[in-house]
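Below you'll find only one chain, the form predicted alone, shown as structure tokens.
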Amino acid sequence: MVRKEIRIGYEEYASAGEMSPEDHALCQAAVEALEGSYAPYSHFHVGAAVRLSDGTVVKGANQENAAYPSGLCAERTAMFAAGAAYPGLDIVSIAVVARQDGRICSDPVAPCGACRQVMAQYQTKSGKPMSVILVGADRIMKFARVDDILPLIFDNI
């Protein structure tokens, strides 16, 4: 037997103002996307924004439904909207933020497994890394590629 480890590196910021202008703008777009959240059951609002290879930003927000699990997460809403409206462009980055009790969560909230797998598929499709930015009120975490939040990606393309 050989014991091995998977190490994950990321950048941490105290605020979006420390980030590059394009990442700062993407974080702000994710915060703006919170306004489109429909979360009457969980009261957990999530906004996401993706940046495409030409600089276009597409927003998404979680959409709940009484017939659970018919709703959809913010991350997939944004990615699917981008994929449908801009099929020839790659997603190069995604930012995600959550709000509860009227305030952005102090710590970043990580995407669910289904959203991570969809991110992985779009990254694999493009053949280039997709960065993932998780926004919290007290800190922001930036991962260089989806593999960093979903090691051992299922890839059947």
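Everything numeric here is computed off the predicted structure, so don't read it as measured data. Just count from 1 along the sequence shown to find any residue number.
There is also a form predicted in complex with a small molecule; it is not shown, and the following applies to it.
Segments offered: 86-94, 60-68, 25-33, 123-131. Contacting the small molecule in the predicted bound form at heavy atom distances within 4.5 Å is 60-68. Interface membership of Ser53, defined by any non-hydrogen atom within 4.5 Å of the small molecule in the predicted bound form, is ruled out. Taking the partner from the other structure, the small molecule in the predicted bound form has a heavy atom within 4.5 Å of a heavy atom of Cys112. The closest non-hydrogen atom of Ser42 lies within 4.5 Å of the small molecule in the predicted bound form.
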